[in-house]
Every structure is written in structure tokens, then in C-alpha cells.
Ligand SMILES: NC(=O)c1ccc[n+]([C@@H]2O[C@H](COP(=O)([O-])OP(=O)(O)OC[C@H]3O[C@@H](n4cnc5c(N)ncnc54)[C@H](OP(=O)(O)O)[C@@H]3O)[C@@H](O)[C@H]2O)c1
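Before any questions on binding or motion, here is one chain by itself as C-alpha cells, the form predicted on its own.
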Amino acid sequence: MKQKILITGASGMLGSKISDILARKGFPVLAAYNSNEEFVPSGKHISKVSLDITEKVHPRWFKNIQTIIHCAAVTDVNFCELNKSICRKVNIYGTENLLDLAESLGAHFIYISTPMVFSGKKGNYVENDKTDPVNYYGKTKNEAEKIVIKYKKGLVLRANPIGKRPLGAHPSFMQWFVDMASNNRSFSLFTDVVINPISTATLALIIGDVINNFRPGVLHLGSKNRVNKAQIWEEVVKLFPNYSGKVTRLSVNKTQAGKVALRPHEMWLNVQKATDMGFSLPDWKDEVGLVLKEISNN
């Protein structure tokens, strides 16, 4: 019998995709959301629950949960810089509350984290590299990671997910690119932020395998090669040969006017550990193509 899974942040870009794919694979999914229930997928194996992770979570509400996948977070880096108490309450205290739940249930705990726990000075980060975040969002994720790693059944998954947000939600940067291209809009684009992206669909499928072969610790997931966001745009615009807008390419440091949070440059992760564990990791172009196909199927 498949494990019963609790997924937080199930109305978000990643949480909704994980909920959908794991349910399609036959896992009984309890999809938890704090707002926007309409963005949570529906399906045969999905149940929905409203959950405020900043409040203590009572184990009696979640009997038989064997794995918790914690996607919920405040992720807007500028909002976090300006609203530190809210960011801390959700990203750190919320994680603590869910870890207390996991311990009460004896459940595995998978924490979705970010390359922003690193400084972004060198890239190619391995799992045990020293963390050194440059913005408050990264600091809260880093602090939460340390709490998760102390839990004997805790796993930190770091990744650069790309995907499609549900219709009506704030668009992902991939959806934004498509909108710019399809409407001939001009915009500025930075060229010096490097990632190794992985689609939410691919990430969700790998997480299904991680659940079945759980190992605590830290694991990096991503495409096997790296790319900057300007190169991703070039893949997108190939689908719009009549695009007539103007794209101004800049350093990320030049695009931060009016913004308060520093952005790391080299955010690509070394994924050799995942490869050695038997995971087949994709090329970034394949992942971009997969997301573009999802967007075009709206």
C-alpha cells in the first residue's frame, strides 16, 4: 500500500504539481493550503485541508501520515527583506511546527529548499558546502534547513524549480516570458544569474522515488547542465518568430533599482550525488521545453 503523504503549500507552483503527480501515481495525498484553495488540484487520491503552519499542528488531525513534504514558504525575496517578522514566522516557525508534527507521527520529512542558502559567488555547490545567504529569505531557509537536518528522518532537497502556476495565480517567470513574447513587450533581462533548472513535473516524479527509497540528509536536484535566464529566454522566443519587442540585457545588479534584497549570481547546484544514487537528471533545454508545453496547453 502506498504511503499517505501530507503536502504543504499545495496551492503553489511546486506543491500543486507534487500533489497532482503523486496522486496520479497512487499515493493518498492530503494537500494542505493556507489560501487559494482553487489552485489546489483535485483528483481521485487527493484530499484538501486548510492549514496555517504558523500555528501548532495537532497530530490527531493527521493520523496515518507517513511522509510530510514541506513546500510552503514566503518566497518573494524583497517582501522577506521588508517583512522579516512575517518571513521568519512562516519559514522558520512554520517549519518547526511541522517537524514537531512529523516527530509525533514518526513520519519522514522532506523540506524543499533553495540554492539561495549559498552566497552565489562560485556555483557548483555540493551538499556539504558552507552556506552563506546574502538576503533574508535565504537566511530563513538556511536556518530552517539546520532544524530539519537535526531530525533523524529529515531530508533537505535543494533545487531551482521552474514551472507553470495555476491559472489566476501570479505567473511564474516562464509564464511571464511567454507573455512578453506573445504580446511583443519590451523588457530588461539579466544575464548573470546562473541556475540548473528542473521542471516541477520532473522534480515531483523524482520525489516519488525519494519517498520510496528515503535517505535523510541533504540532496541537490536539478538539470545536469547550467544556464542563465537570458539563454532560457532565447529558447522561449524561438516559438515566437515574429516577436518585435526589445530586450535589454543587463547585470542583475543593474536591475535592482527599487529593490532591497541582494540576489546571488551563481545559483547552480552540483547534482553528482543524485546521479550516483541512480537518478536520471535532464538537460535544461528539455526542462524548459516541458514547461513551455505545459503553458501552451492552458
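Don't overthink the numbering: it's just position in the shown sequence, from 1. Quick caveat, the model's predicted, so the values are computed rather than measured.
Same protein, other form: the form predicted in complex with this ligand, not shown, and the subject of what follows.
By the criterion of a heavy atom within 4.5 Å, Tyr137 is counted among the residues contacting this ligand in the predicted complex. Residue contact with this ligand in the predicted complex: Ala102 places no heavy atom within 4.5 Å of it. Although the partner is absent here, Asn142 sits far enough away that none of its heavy atoms falls within 4.5 Å of this ligand in the predicted complex. Contact between Leu14 and this ligand in the predicted complex is found at the 4.5 Å heavy atom cutoff. Screening 178 to 186, 147 to 155, 218 to 226, 73 to 81 for residues having heavy atoms within 4.5 Å of this ligand in the predicted complex returns a single hit, 73 to 81. In terms of contact with this ligand in the predicted complex, the residue from Gln231, Gln272, Thr54, Gln66 that brings a heavy atom within 4.5 Å is Thr54.
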